[in-house]
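Read on for two forms of one protein chain; each stands alone as structure tokens, with the labels structure 1 and structure 2.
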Structure 1
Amino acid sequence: MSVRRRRLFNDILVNGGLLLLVLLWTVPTLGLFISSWRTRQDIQTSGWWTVFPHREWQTVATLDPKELGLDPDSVMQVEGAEGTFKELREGVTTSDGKQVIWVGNKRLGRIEVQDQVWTVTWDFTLDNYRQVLSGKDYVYKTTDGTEEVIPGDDMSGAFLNSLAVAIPATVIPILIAAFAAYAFAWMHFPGRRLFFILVIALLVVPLQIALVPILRDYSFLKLNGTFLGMWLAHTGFGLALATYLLYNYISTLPRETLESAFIDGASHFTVFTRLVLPLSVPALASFAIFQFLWVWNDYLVALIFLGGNPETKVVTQRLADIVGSRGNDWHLLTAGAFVSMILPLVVFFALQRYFVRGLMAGSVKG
């Protein structure tokens, strides 16, 4: 095999494997997205894939066993199908591709003749999102015509609460970590190496072991149930990683540029604000994506420090409430999940051009 063919084979193998992984991750998400637009009845009676063209059994004729003189206790012949009551209950396929099935019991049952036809289920609705986002009562009509009044879930308040938590909890640690990373990279002070080792050591401390001590301190400081407590907690939990990532990037900035600024009389603060921050945008944006997603999708920290106050619940807590009270209502769960995904997707696609550059920060030296 020539070198060119070997490269082509390797490219096809690698790209094919990546495409397979993408499909494996995308298919469940696509199913949830489609389910969020389907009606409650459709979700309970058919799979999400029925929105695509598929063959399905449809009843073309309904027969009365009594009129046909059939005896359920013996072998029956009807519309080219032959079988016992048990076999007909499961469905018997005729020679022309139709299916004969007994529906009901022996005394009050009926016989349906079904044929396979191509069909799609495109009964989409906005009611799921209206019910999730609105606090108004929602009237649901069942198949038998009865009406059921269901209260709305009103996730709009939780959405705003998540914004109030996530934005400061993303900005504050980035600013503090940027100052710290610059100091570790370009300033000389006693104990610099020791302090940096301590920062790195904090990366291996599990978040869970810090919750109880912090909760005890918050109780003394009366910070439980406040957004300030959430900002401080997420800042503390994310500060070590932010400092480490930004240090790797800031330490690789051109030394000549910074030294020229120092020779011209610029202070460390001026160099940091005028040179380091603009040059560090890829690393800052990369960590901003991570931090925002962590805070937005956080449930444990919010549950511990915000508690069960309905006025301060975030999106993840409201979703947990829907799961707890309406675990069978997949049309609401899927709609609520995609409502919570909108803003993280916007943040990621807005900053994704910096993402790779930020992740590669400091990986190449020299």
Structure 2
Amino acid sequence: MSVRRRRLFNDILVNGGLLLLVLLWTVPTLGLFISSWRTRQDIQTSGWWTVFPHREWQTVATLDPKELGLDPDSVMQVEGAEGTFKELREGVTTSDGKQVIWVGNKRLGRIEVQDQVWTVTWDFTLDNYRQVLSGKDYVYKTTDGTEEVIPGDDMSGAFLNSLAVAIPATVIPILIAAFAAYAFAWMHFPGRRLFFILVIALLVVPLQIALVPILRDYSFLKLNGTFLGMWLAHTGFGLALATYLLYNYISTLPRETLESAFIDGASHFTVFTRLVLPLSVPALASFAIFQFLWVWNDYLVALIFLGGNPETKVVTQRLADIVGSRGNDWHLLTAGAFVSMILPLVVFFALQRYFVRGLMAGSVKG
């Protein structure tokens, strides 16, 4: 092989392999996304891939067996197909690629001639999203005229709850951790080393350890089902990591800059708020994104501390509820899943660079 051909071959191999992997990784989400725009009826009866051009059997002619004078109890010949009643019920393929099929029972049935036709199932709707967000009941008319009432779901309320939980539960630990990291890095006080070792040691504690005792404290303090309880819990579980990471960053800030500020008479508080916080924006942003996504996507902590109160349920809880109790309402599940994902995806695309850093650093979370 010449060098050029080999390079071309390598190129195809590399990019082909990559394309395959990307498809594997994208198709699950894509399928759900497409489904969320399809009608309830379509989702239940055909795969989401039917929105792409595909070949489907379509009836091109309907015949009445009586008119043709066919005897269902013997072998019949129709439109170039031959078979008994039983075979025709299953469908008989003719030599020109058509299918002849008996629909219905022996006495009153009809014969359909079907042909494979290129088609797309393009019947998109906003109803799934409307229904999952509004919380209203929806009435469906099935083909035989009966009405079916499908209750909606209050995802919009859950979305607001998630915001109310996630934003403070991101800002509070970062602020507390930044203050602590600054103190560890730039202030002198007795027990500094010991306290810092405590922070590092607590990095390894999995949050499962804390759930039972904290739930007892919360029952006593009446913090169960409150946003404050959630903020504090997420702060507690994220703080060790935040302090550690921010310490790593803040302790490497240029000494001269801070010292000249002290000489000018600035207090620690001023130096922290006016100098250290602005200088630490990259680290703060990286951790903020990690923490935000962690809190937004969290299910376990919400399950325990927000519990069953429908007023304060967050999106992951709501979605899990639909999975649990109405696992076959795919029109709600698909739309609901996307409602729960939209904000993380926006954050992901808008702040990808910080996102990567934050997740890498956050991977050691206990």
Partner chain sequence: MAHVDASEKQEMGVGARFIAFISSVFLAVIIPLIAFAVIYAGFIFLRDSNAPKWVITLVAIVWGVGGIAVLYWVFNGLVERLPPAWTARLQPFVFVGPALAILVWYLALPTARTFWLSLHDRNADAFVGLANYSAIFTERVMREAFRNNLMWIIFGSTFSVLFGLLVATLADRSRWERVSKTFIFLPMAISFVGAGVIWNFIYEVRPVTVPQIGLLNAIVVALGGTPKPWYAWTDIIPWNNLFLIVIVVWLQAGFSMVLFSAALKGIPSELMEAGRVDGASEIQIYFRIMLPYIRGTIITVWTTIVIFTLKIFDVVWVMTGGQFGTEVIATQFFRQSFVARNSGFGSAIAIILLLAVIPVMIYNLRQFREQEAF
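Nothing here was measured: the structure is a model prediction, and the numbers come from that model. Under this definition, the rigid core comprises the largest set of C-alpha atoms superposing within 1.5 Å between the forms. Reference numbering: structure 1, starting with residue 1.
Both panels show the same chain in isolation, but it is structure 2 that comes from the form predicted in complex with the partner chain.
With the core superposed, residue 122 shows a C-alpha displacement of at least 2 Å between structure 1 and structure 2. Relative to the superposed core, residue 250 undergoes a Cα shift smaller than 2 Å between structure 1 and structure 2. Shown in the overlay between structure 1 and structure 2, fitted on the rigid core, is a CA shift at residue 43 of 2 Å or greater. Core superposition gives residue 52 a CA displacement of 4.8 Å between structure 1 and structure 2.
The Cα position of residue 102 changes by 9.8 Å between structure 1 and structure 2 once both are aligned on the rigid core.
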